[in-house]
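Take a look at this single chain, the form predicted on its own, given in structure tokens.
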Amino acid sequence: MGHLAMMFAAVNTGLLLKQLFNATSAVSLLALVAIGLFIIFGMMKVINMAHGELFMLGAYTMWWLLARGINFWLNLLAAALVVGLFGVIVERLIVQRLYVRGDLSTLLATFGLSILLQRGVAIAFGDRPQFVTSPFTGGPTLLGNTYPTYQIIATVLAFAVIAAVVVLFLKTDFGLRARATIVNPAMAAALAVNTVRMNALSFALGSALAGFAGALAAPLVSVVPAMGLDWVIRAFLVVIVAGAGSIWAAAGGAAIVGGWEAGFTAIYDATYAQITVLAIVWALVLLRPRGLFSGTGRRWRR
């Protein structure tokens, strides 16, 4: 009986560790996408409905370059650069002309852009799923469960990029100007901060994070034109849960949404997981309409 109890405890511990690992991996990628969306919303108050398609473009960039023999790790950087540059073009040609109006123009314009990008990619590459081969096979085994090497590395890379973004906003001159623009654009402009340039750079950074996340996730998911829809919905839920507090708030919101969804999916079903996430968000909107982390009084500051 003692031997059976030990085996049962080991199995339970192994399953718990595996579920925790999957949840951490899901949270890391979701946090990347959500922080990119969070930066754009925090800086410009623009609800970018095409943010999921930026994630999709990153995944397709990885697939397209990899099919031509380009190194996988270089493709991660290329995806971030390509999508970041595309974000600059979108900001200059579309968003910059509309966001000062203070109405729903940017929401409608970016929604139209998302449809255009989806159909454009479908026409160019087809609706058939594309698959990106992981640069690693197998992985370490612990308590009877295998942990894929690439998934481990992708999780570590995602958290490393998130940490770099936090350092960028809290420890650099760029971050100081960006936070000043976010808190009070008029005052920042009076203090010689080029707010137009800061908006463009922030939109580019948010886009690059989405593109990098898409490229990083490509070996873990099917690459299809509509793949960004699920990610942008979850990213918006993160922003709703977190509120406009700080990048740390966005990371906390991603932990709540992504962690709960991954954990519930492991126990029951993905559909029920999404339903419960929506229920949690609905309850939080009623109880904390400005977000779970919005009452700290430390908006975008250390």
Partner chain sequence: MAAVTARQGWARVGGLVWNARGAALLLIGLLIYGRLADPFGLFIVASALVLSLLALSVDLQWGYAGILNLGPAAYLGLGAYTYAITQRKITAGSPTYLAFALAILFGIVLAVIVAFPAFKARTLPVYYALITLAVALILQRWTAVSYDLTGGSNGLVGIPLPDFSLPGLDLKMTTAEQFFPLASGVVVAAYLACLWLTRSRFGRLLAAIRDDEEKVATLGYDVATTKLIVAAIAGALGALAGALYAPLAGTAHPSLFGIAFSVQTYVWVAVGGQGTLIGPILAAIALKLLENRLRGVSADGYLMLLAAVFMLVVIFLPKGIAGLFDAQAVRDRFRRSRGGPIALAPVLERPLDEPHG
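As the structure is a computational prediction, the values presented were derived from the model and not from experiment. Residue numbers count along the first chain shown, from 1.
Although it is not shown, the form predicted in complex with its partner chain is what the next lines describe.
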{"query": "Leu108, Leu116 and Gly120 all contacting its partner chain in the predicted bound form, non-hydrogen atom within 4.5 Å", "finding": "yes"}
{"query": "Per-stretch contact check against its partner chain in the predicted bound form, the hit in 249-257, 233-241, 27-35, 62-70 (non-hydrogen atom, 4.5 angstroms)", "finding": "233-241"}
{"query": "Contact flag, Val285 vs its partner chain in the predicted bound form, heavy atom cut 4.5 Å", "finding": "yes"}
{"query": "Non-hydrogen atom contact Ala160 with its partner chain in the predicted bound form at 4.5 angstroms", "finding": "no"}
{"query": "Close approach of Tyr268 to its partner chain in the predicted bound form, 4.5 Å, heavy atom", "finding": "no"}
{"query": "Contact of Ala262 with its partner chain in the predicted bound form (heavy atom, 4.5 Å)", "finding": "no"}
{"query": "Position in contact with its partner chain when the complex is considered in the predicted bound form, options Ile94, Val196, Val88, Val221, heavy atoms within 4.5 Å", "finding": "Ile94"}
{"query": "Listed residue (Leu142, Ile152, Leu168, Leu229) with a non-hydrogen atom within 4.5 angstroms of its partner chain in the predicted bound form", "finding": "Leu229"}
{"query": "Members of 47-69 lying within 4.5 angstroms of its partner chain, judged by heavy atom, in the predicted bound form", "finding": "Ile47, Met49"}
